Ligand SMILES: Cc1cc2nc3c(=O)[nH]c(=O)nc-3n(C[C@H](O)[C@H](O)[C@H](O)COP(=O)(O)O)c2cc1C
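Only one chain is shown below, in structure tokens, and it's the form predicted alone.
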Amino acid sequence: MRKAVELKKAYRLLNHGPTVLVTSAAGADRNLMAAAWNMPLDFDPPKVCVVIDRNTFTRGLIEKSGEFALCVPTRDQAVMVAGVGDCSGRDSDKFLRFGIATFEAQKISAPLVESCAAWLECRVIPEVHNQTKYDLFVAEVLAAQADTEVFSDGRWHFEAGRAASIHHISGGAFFETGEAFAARE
């Protein structure tokens, strides 16, 4: 079940460094891409950063619309994540090509990917120098949701037998987030 995440805790959806799916839309065009280089940036208002190469179809859509979503996929979605990362949305609609189910975002026009662990809806904060020189986009999180099976009470619950986020290593290889443990006595 999806549940809204308090915006002051939205950073926790990315704080553990998962690979994300970046969704975007402008007019009738839509796309998604995989991105391993993303992170929370601030709490109030909540902000994130993501690297989006200037040559991607997603980048053009984000520059037109000024918004995007970050969807946190799970191990069950790893084949799809690798697949969408290996092709361009200029050639075909990746949602159709990979049979990706979506649902409507609350605050932006980009679609959200079903069956993910979390979703962050973002509006770009124009930082032309960073976008041009480093392909780095800074955005404010406008809405956040998470699957209550794995995120509730402001915390992830990555336990055996439950869905968990994934982390891209390289060459289509990933690892799955493991069980959390406390470092306190």
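The numbering used is simple: start at 1 and walk along the sequence shown. Values in this document were obtained by computation on a predicted structure and should not be read as measured data.
Beyond the structure shown, there is the form predicted together with this ligand, which is absent from this document and is the topic of what follows.
Look at 112-120, 150-158, 125-133, 27-35: in the predicted bound form, residues with non-hydrogen atoms within 4.5 angstroms of this ligand sit in 27-35. This ligand in the predicted bound form comes within 4.5 Å of a heavy atom belonging to D86. Remark: V51 counts among the residues lining this ligand in the predicted bound form, judged by a heavy atom distance of 4.5 Å or less. The closest non-hydrogen atom of S65 lies beyond 4.5 Å of this ligand in the predicted bound form.
Although the partner is absent here, T19 is a contact residue: one of its heavy atoms lies within 4.5 angstroms of this ligand in the predicted bound form.
Remark: none of the three candidate residues (M39, R75 and T177) comes within 4.5 Å of this ligand in the predicted bound form, counting heavy atoms only. Taking a 4.5 Å heavy atom cutoff to this ligand in the predicted bound form, the contacting residues in 53-70 are D53, T56, F57, T58.
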